Structure formats: C-alpha cells, structure tokens
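The chain below stands alone and is given in structure tokens; this is the form predicted on its own.
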C-alpha cells in the first residue's frame, strides 16, 4: 500500500490513539471518528503526550512529531469518512456499539473500502456480517501500546477473502509491523495463549503462593519474561483482562479461560491497575 492514503480510525481511546499515531507516522492521512468533541480532545492529548515522550527519549524528532499530528484530524460525523480506503474500528469492546457503528461507516466509505476491527475479544466473523460485501472485512489486532508493540494479528473471519487478508498483511508491514495470520477463534492467537497464563498467575497469588513482588521476580528471572504477570495485568488493566477472558470463556467453556474470582472482586473494588492507581501494586495517582 502506497504512502499518503486516507485511513479512518473509529475511536480515539488508548488503542485508537495509538493506531492513529502509527498510521500517521507511516505518512497516511488519518480521520478519527468519535462520539463527542471532548473525546476527540482527550484522544488528541493522549497522542500528543505519547509523541512528546518519544521526543524526550530521542526516539522521535520534533519535526516528525509535528508532521504526524498534522496528519490526524477528528470528526463526530460519519459522513466525513467518505474517501477513506481503509477503516480500522477501535471502538469500545461492546458488540452492540460495533454492530450499530460498522454498517453506518460502511455506507459512508463505500463498498471498495477495506474494513478491519481491532477487537481482542469479539467475533470478527460476527462483525463482518454487519456490513455489505463482508469478504472485504477482517481483523487487524494491534497490541498496547500500538506505537511500540511490533506485532499485529491479521484475523481471518469466515467471510474474509484471501485478497483482503493479503492486503491487511501488506498494510501492517507498511506500518512497520510484523503481521501474523490467525483464525477467528476466542482470543485469536496471542491472547489465547496469554489469558490462561495470567489467570493462573492471579489464582496462584490468591492462593498465597508468594507476594506480588516475589511472584513477578520469579517469572522475570526464572522464566525470562520481560515483565511479571501481575505487573503486566496492572499495565493491561484488570477490567480489560476480565472482559477478554470472560468473553473467551463464554464461547469455549474452557476452564483455562475462566477468570479467577479474585479478578472480579478487584475490578468491583475499582482496583484496575495503573490507570486507577492501584491493582496488584500501588501505583500512586491514577494515570
């Protein structure tokens, strides 16, 4: 895919902002759709903060930062997505929201546009069924933080054509990412392997096997993981993991995917990890 294409990102939350940044840094024009001007402003600040940190660390030049920001604009009107050749849906992980949003966007961009979803927990096949010509629909699952994580899962819905999957793989490569193809199954590939591991870590902690610090130290220095499981959960967000593993369990009834009771209790208490200031660790003020 050539540079300078017009891309639409649906949603300007954590993932949407990261995906918009990645596309803009690859010289694509990006139009972000959100539900309000306030949410657009929040997403813009999130993207600016991430790029500013890149400048501070010497990873991004001030000129590159400014050019990337200039390529991204926001809108609350679906009609302004006309002319976008690629749509990446990164809205809230709510099936009802996505089922309502995708047909409206598909109508605005026309039947030649390629549509993709960044969902990590919902069926790509079910989402593809909401749009005309579902063969041009697939999964394009980025990992958080999208500007830094090199992997992108290209997920084949039952309706996805080989041409669409080839396009999405080439598109991801053009963003500087490493794509891997996977079938549309609960958790896809990475999360299907990750979720049981994190569930086991939470259960072992709840069983009193070790303190959070000792458990993560053992995982990092004994198994060579770059980050212990409890630290990783605090980074991901306990609510995010609970939602994902619950959705996967509902589809498979695999005991490995059943979320440990402690996870639900912590989410109910508002202990979501770094973003709330407290999870398995005390992170101070919410970030």
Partner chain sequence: METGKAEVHGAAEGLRRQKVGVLGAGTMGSGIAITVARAGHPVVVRDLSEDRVEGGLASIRKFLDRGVERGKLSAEKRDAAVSGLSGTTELEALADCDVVIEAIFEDEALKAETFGQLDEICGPETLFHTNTSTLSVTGIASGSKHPERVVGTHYANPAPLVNLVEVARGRLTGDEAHRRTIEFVEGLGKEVVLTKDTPGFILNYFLVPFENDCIRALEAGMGTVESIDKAVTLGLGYPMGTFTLLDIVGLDIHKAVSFALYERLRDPRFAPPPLVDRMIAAGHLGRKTGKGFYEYERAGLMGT
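Rigid core here is just the name for the largest C-alpha set that superposes within 1.5 Å across the two forms. Source: prediction; values computed, not measured. Positions refer to the first chain, counted from 1.
This next part talks about the form predicted in complex with the partner chain, which is not shown.
- None of 181, 73, 133, 99 but one reaches within 4.5 angstroms of the partner chain in the predicted complex through a heavy atom, and that residue is 181.
- Of the listed positions (157, 122, 201, 113), a single one reaches within 4.5 angstroms of the partner chain by any non-hydrogen atom in the predicted complex, namely 201.
- From the list 207 to 215, 78 to 86, 124 to 132, 101 to 109, the contact stretch for the partner chain in the predicted complex under a 4.5 Å heavy atom rule is 207 to 215.
- Annotation: in the predicted complex, residues 189, 192 and 224 each come within 4.5 Å of the partner chain through at least one heavy atom.
- Although the partner is absent here, residue 150 lies within 4.5 Å of the partner chain in the predicted complex, judged by heavy atoms.
- Within this chain, residue 219 lines the site of the partner chain in the predicted complex, having a heavy atom no more than 4.5 Å away.
- Core-superposed comparison between the shown form and the other one: the C-alpha position of residue 211 differs by no less than 2 Å.
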